[in-house]
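In structure tokens, the next block holds one chain alone, the form predicted alone.
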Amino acid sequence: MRTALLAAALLAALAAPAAAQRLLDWSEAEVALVGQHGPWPLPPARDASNRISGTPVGIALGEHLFNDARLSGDGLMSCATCHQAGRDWSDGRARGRARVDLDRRTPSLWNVGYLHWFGWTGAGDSLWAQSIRPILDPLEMAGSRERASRLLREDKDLACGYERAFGTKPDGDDERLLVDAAKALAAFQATLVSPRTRFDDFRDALVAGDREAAARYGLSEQRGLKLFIGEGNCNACHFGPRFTNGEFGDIGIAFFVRPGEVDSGRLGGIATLAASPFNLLGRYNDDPSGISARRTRHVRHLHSNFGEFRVPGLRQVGRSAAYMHNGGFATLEDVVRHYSEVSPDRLHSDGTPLVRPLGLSAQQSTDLVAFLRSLDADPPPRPAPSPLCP
């Protein structure tokens, strides 16, 4: 017995240096850059412009509305039709079934509560305002103010859930009730936070100086991460714990939707935002301080925004095909190839170019994809929605 224990101890001692040798050399500067991508998860998102943000009763009402097809004009489409829990809160399609006019992909809702601009072009400045657009859009749910307000008034459970969330019966005007429905939808969507990943375990171990734990992260993933924060400079836009700066960029994707039609991206989004009665400068903002409206107040309509689209977060990116705002790439390998080979002539912005051809080797491309896939994790099973009036 003693001999067996000694043998096991010897094997463990021999294995420890071998494990440590699987950890690449990381400089102080590199460790600091890796550290900026965590910790994860972040504290729960709270929206000062939405008075029921973060409230359990508001979240419960929002989840029921999210799955209710009666908000749509034909009673057949809910928010969950395009944002499916089993497909990482998207629909798995290269083009969203609704936005066929713009050839846009349905974005995932993971971590959407942490954004400050919404939609591919930032046409919404709050999650609740963004939630109104598909309800009213004739190419999406084709609903109406009247339909949403009638649903809240006439459905016994929803009316009860509304009263618990807002402290009053759903007796307001139709537009106010539509906004309130959207605020409940936003409260629910803000809870959709992606799980921790193998990258997070590595990041935490590296920052803590735990070499043995850090060495469990694959060599290819480590090399890809070094490239991501180093030569590739990917973290200039995909920055922080969410792996996005939340802003907009031109990355050389063609802006022609079809002959004679273009998608102006952020340029058009700013115009739509300014014209919206639901933006944060309007009367439905619940934030008495006015701080939440500061970004909207100072946004400018500049031609340099033409062809720019929102920088997506990279968490769960390997599970989120297709890629880019137009779903133009089927795989992560296609995305990495684009950044490796992108022509500067494809960059149609007159602002500062954000990308350059990286000229990656086959091994570098493989490593970068390996790192990106380490940002994926299986989410835990979702519990059944909470009852509105237990």
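When you see a residue number, it is the position in the sequence shown, counting from 1. Remember, predicted model here, so these are calculated numbers, not experimental data.
The same protein also has a form predicted together with a small molecule, omitted here; what follows describes it.
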Just one of Thr296, Asn285, Asn305, Gln189 has a heavy atom within 4.5 angstroms of the small molecule in the predicted bound form, so which one?
Gln189
Contact residue in the predicted bound form, chosen from Ile270, Leu206, Ala148, Leu127 - any heavy atom within 4.5 Å of the small molecule
Leu127
Do heavy atoms from each of Thr106, Met141 and Tyr323 fall within 4.5 Å of the small molecule in the predicted bound form?
yes
4.5 angstroms heavy atom contact with the small molecule in the predicted bound form for Pro170:
no
When the contact criterion is heavy atoms within 4.5 Å, does Asn233 count as touching the small molecule in the predicted bound form?
yes
Residue-level contact is defined here as any heavy atom of the residue lying within 4.5 Å of the small molecule in the predicted bound form; does Ala48 satisfy this criterion?
no
Any non-hydrogen atom of Phe228 within 4.5 angstroms of the small molecule in the predicted bound form:
yes
Only one of 215 to 223, 107 to 115, 276 to 284, 198 to 206 has heavy atoms within 4.5 Å of the small molecule in the predicted bound form; I'd like to know which.
107 to 115
